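Okay, so here's just one chain, in structure tokens, the form predicted on its own.
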């Protein structure tokens, strides 16, 4: 029993497609078997909502009179990138404010724009014959901009580390505060709802895949940075530590503040909570078998962030069901757990994407190019080595 993208899209167009969230599908498969679920269901929707630091937005401001070639640019005192065309810029989510530090950063500017607030734009330029203005100080809203689109180089990490701290002092990390002497464990994944955990071998997710990005229809633009398909995997082919990633793009003017939220991590910096959802076609029973996996079937690796090295010690593996129970056992000690991602919002994303498909507002796109696959010689992420000029 195999289905194609074309067959499933035809059923979506006529309103006949059966669509379920990943949790609903897993419950059906548990009750009636994977084969029955694969035959009955056409599309499974997924979702995740957590901090995704490698995010940001491109803007085009339009030309002032007289025009300016923007060099140094700030938006609400947060530096944005020069080095593009005269009135184009990229604003990174983690860029801190010049005046407020990590209390306010690029993600906050993006959220302010999504919420309809005016943002102060200041820029200077060298002054040229065709761009004679050398300074500008104005306010812009999202509606004022010609183009504003999210372009996030790395989102929706396929599994992620569980973080603990064996050291003697509290440390502040991008996974939140970690108490000393294994005082707590934090994690960041929607588990069985997470998009790339439901398609672990990237059979349906690739360049061109349509997806939900911060409340807007978007696309997978490329493999994400640090994409690592050759991570260790379990018997189901699911990676047990950080593996695949995707770069995504979407129109910021269609985004929602419900699914994009700025955040500051104490002692660390600015980040952005981004909602990502991907519909997965139920092409066959093999794919259905991974779609049917639950939090009890999926494991993540515990890493000791108390060791401030590139390669942190692994302290074992735990299931997402154990993580969600509130405590895990590490080295004989019961360690309380807490997520820094929102399962509640991930469920909302999967439900919203399900509604888009059921209402025939969202069809599926087969990948124009696959993501780098496991065991195909894809290069692993390279470390940055410290070298002197003489060593080159």
Partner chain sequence: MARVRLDLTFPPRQATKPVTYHLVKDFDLTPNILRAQIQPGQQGRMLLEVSGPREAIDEGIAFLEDEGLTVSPAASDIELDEERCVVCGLCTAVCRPGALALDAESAALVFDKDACVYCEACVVACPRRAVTLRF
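Numbering follows the first chain given and starts at 1. The model shown is predicted, which means the values in this text are computed figures rather than measured ones.
Keep in mind that the form predicted in complex with the partner chain is not shown, yet the notes after this line are about it.
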Using a 4.5 Å heavy atom cut-off, indicate which stretch of 258 to 266, 136 to 144, 232 to 240, 191 to 199 touches the partner chain in the model of the complex. 258 to 266
Heavy atom to heavy atom, is residue 103 within 4.5 Å of the partner chain in the model of the complex? yes
Given that the partner is absent here, does residue 49 sit within 4.5 Å of the partner chain in the model of the complex, heavy atoms only? yes
Looking at the partner-bound form in the model of the complex, is residue 179 within 4.5 Å of the partner chain by any heavy atom? yes
Even though the partner chain is not shown here, does residue 155 get within 4.5 Å of it in the model of the complex, heavy atoms only? no
Which one, 175, 119, 247, 216, lies within 4.5 Å of the partner chain in the model of the complex by heavy atoms? 175
Consider the chain as shown here, without its partner, and state which of 131, 273, 305, 149 has a heavy atom within 4.5 Å of the partner chain in the model of the complex. 273
Out of 97 to 124, which residues reach within 4.5 Å of the partner chain in the model of the complex, heavy atoms considered? 103, 111, 115
